[in-house]
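Just the one chain here, the form predicted on its own, laid out as structure tokens.
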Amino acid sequence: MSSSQGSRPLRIERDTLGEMYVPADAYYGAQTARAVDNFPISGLRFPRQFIRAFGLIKYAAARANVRLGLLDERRGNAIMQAAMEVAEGKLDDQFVVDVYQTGSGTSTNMNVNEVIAARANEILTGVRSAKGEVHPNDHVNMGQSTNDVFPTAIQVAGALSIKEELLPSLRTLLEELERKASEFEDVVKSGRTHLQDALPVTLGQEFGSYASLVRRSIASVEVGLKALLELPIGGTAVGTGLNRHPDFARLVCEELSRLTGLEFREAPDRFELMGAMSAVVQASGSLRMVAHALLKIVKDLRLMGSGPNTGFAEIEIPAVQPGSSIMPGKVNPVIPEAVGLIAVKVIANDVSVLLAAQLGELELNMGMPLIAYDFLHSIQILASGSRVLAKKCIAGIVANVERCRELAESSPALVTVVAPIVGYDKAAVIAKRVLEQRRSIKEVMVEELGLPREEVDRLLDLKKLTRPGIPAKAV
């Protein structure tokens, strides 16, 4: 008998390896206590959404087994009440197993089974014990194995997080970007390629491209969400479904759909999802697309907002906090920078999910706890980061219209407008003179081409140059 519970009042719980001390006020039992002793590794615990998903699955499983006549209503109702308390977060402090544990997640599944069993026993008899009238394996885990329940919990948690958190945040960000694209549609500025002066664009076109990026990201996430809806529940130990009723998985999926509003269904091949974690790998890839989009947006915002006197200074990013502990008055683009960190972490998490999924061997994947933690972490920080970026940054951006026009008019690349007529080499001579003599491109074009100033002004109508066409056709 062993314990790592310190000086708290204890009680004895038993499993197949013998007796274990557990805290007297704990709902978990011997297997959870062993896992606490065996895995004092990181201090990391699974997030609320994952525990919620486990509670919903155990509720749906108990309901299915009652309907199938495999579990009596007295036990079944107590299990369902306890499982719903888990789903609602009322027992969150009872989930104490480290993320870094056995690769199948058995310790966490048994943590859930023991907590629900003990709470169900308390409901039925007033005695808090992980084994009693309700047994964690025989009743709470009926028709299940960790090997199908744990990946199902990842997918249910991921689908719920995407539906309830990520997609609404991305749509909020999209709305703000579309609003700014419309607001800035007439703000002409210098385009840049290789960070060098290029032809003019509008600030609205740039923000429109950011909106398009987010729109594409949303579509990608929606595809990933769809993949998560096919659940491996019912595969039990190796994918064959031994020891569960033929209708069990269908009833569980129907109940999960009723509880969540998502259309969960049985996977056509449980072996694939249990061994390769392919649905989660696909969904994680869609999160990488979101990270890519956000990273592009915030890097551009930092460049366009650089200054205020020695940078681009084309936009003003809302000041939300002082920027320096030593330089008074300095304000930094802290929201874009925080979102940049989020994007980098999500990309790293996607690599982690992919590598952990490659730990799958034959009928079981050994990377599931890490997959669960990193995948759900990515969804959570993307949702929060997108919402903060929309509300605390994008919504308050102001265009420095005159600065944008000044830089656009000074770009030597404007000579491109006459290149189709005078030829590339002649146009290059004009551009070179502009740079060497630090003169206005309009003055040099008047001299080199012998054109009236009015014609040069017409050719270099900046707004027209932001549209398709051949402005120099009349030269």
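A quick note: this is a predicted structure, and the numbers were derived from the prediction, not measured. Numbering starts at 1 and runs along the sequence shown.
One more form of this protein exists, namely the form predicted together with a further copy of the same chain; it is left out here, but the text below deals with it.
Worksheet entry | Proximity of P333 to a further copy of the same chain in the predicted complex, heavy atoms at 4.5 Å | Result yes; P333 sits at the interface with a further copy of the same chain in the predicted complex.
Worksheet item: Do S129 and a further copy of the same chain come within 4.5 Å of each other in the predicted complex, heavy atoms counted?
Response: The answer is no: S129 has no heavy atom within 4.5 Å of a further copy of the same chain.
Item to complete: Flag D37 as yes or no: does it have a non-hydrogen atom within 4.5 angstroms of any non-hydrogen atom of a further copy of the same chain in the predicted complex?
Response: Result yes; D37 sits at the interface with a further copy of the same chain in the predicted complex.
Worksheet item: Would L44 show up as a contact with a further copy of the same chain in the predicted complex if we use heavy atoms at 4.5 Å?
Response: Heavy-atom contact with a further copy of the same chain at 4.5 Å: present for L44.
Worksheet item: in the predicted complex, do V22, F50 and R63 all reach within 4.5 Å of a further copy of the same chain through at least one heavy atom apiece?
Response: The answer is no: none of the three residues contacts the partner (heavy atom, 4.5 Å cut-off).
Practice prompt. Could you check which residue among L354, V96, M84, A395 gets a heavy atom within 4.5 Å of a further copy of the same chain in the predicted complex?
Written response: Spelling it out, the residue with a heavy atom inside the cut-off is L354.
Worksheet item: Between the options E363, E175, E164, E183, which residue brings a heavy atom to within 4.5 Å of a further copy of the same chain in the predicted complex?
Response: Contact with a further copy of the same chain in the predicted complex is made by E363 alone.
Worksheet entry | Stretch in contact, per heavy atom within 4.5 angstroms of a further copy of the same chain in the predicted complex, of 74-82, 88-96, 251-259, 317-325 | Of the options given, it is 317-325.
Worksheet item: Going through 53-76 from first to last, which residues have a non-hydrogen atom within 4.5 Å of a further copy of the same chain in the predicted complex?
Response: Only a single residue, L70, comes within 4.5 Å of the partner.
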